[in-house]
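There is one chain below, alone, in structure tokens, taken in the form predicted on its own.
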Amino acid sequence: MEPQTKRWKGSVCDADSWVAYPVLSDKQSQDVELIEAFAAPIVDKKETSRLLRELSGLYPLNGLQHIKRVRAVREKGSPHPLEVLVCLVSDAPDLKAVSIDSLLPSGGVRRGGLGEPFVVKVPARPALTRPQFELASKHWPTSFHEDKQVTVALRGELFSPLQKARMHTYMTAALTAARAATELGMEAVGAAVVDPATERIVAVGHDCRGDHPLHHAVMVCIDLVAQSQGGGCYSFDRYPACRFTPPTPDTSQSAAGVAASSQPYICTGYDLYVTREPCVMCAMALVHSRIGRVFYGTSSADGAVGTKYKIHSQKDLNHRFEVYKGVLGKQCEALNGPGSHIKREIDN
């Protein structure tokens, strides 16, 4: 039976009650790491170009290409307008007393135009997001190659009201499936796979571990998508809420063989909406099935796409996908409240 996509009847306020935030990689979400360096005031601005050239030759600051070597002094009344990085503290000679003479060996850099050094902290890695850039810049100026989509997503403004209305509908289908699982005594988790190109719900599934320990809602959905493409391994006929949409024949391709070859590999380019953050098994299944994006409502203690792990961003895997959390978060979280589901013992 074809999953029914309900017409959007909510108000703008309904869509404004939640925000889909991106789940970024550890590198994108970690705190700014700082390392110590020696800086010195440039007391003669005319010497700046020469000092930069000679300091770069003596102390090239390898691996810190994101750091700007010179910064302007913003304090009013400062006796010098500019400050320059001399070297990292770790690169400096082992000195009992630090001075500009001890840091610059004779014949290497002419000391004229430089004041006495002092210790500053600089960012050890280039900023990958605007929040990281803003934090890093408070310590020392750094270059930043901004990913505009990430910046907008972190503000919660990536999706338009119309897109959020559709996302609301898709997650509602997953919520309905989760409630159906509750009525059957299984975990209140539901999922829906959507083709964003056609705005069509391809499959809807829920937790079916009463029959099989591996039949998590996500696994059920992936198998249903495979069934919609002529594959699949299991039958979920006894669960009316678990269903898929039969493929629509392309009228521009009369040959059945051509039409079959044009089908995606399982979930290629599709979106998954799931009420609870997927576990490791489900996350790896999503990698294998080539899912495009994952939207989940509420986090899980063992979640593998944000909470405990971030499998979707692992560079050593052959596929990565985007993840967003918080879609209908309150409604999804309420599924796991007291009395929301009946715990069913499953024999291992």
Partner chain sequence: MGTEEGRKESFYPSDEEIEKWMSSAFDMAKDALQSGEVPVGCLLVYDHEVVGKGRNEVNETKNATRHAEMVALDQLLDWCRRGSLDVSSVCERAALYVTVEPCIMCAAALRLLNIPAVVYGCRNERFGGCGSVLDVSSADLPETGTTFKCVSGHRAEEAVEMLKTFYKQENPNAPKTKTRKD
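If you're wondering where the values come from, they're calculated on a predicted model, not measured in any experiment. Positions refer to the first chain, counted from 1.
The protein also exists as the form predicted together with its partner chain; that form is not presented, and the subsequent description refers to it.
Contact check at 4.5 Å (heavy atoms) against its partner chain in the model of the complex: all three of His288, Ile311 and Asp316 pass. Picking from 96 to 104, 134 to 142, 222 to 230, 152 to 160 the stretch near its partner chain in the model of the complex, with a 4.5 Å limit on heavy atoms, gives 222 to 230. The shortest heavy atom separation between Pro213 and its partner chain in the model of the complex is within 4.5 Å. Heavy atoms of Phe118 never reach within 4.5 Å of its partner chain in the model of the complex, leaving it off the interface. Using a 4.5 angstroms threshold between heavy atoms, Ile266 counts as touching its partner chain in the model of the complex. Residue contact with its partner chain in the model of the complex: Leu34 places no heavy atom within 4.5 Å of it. Put simply, of Val43, Leu58, Met281, Leu52 only one has a heavy atom within 4.5 Å of its partner chain in the model of the complex, and it is Met281.
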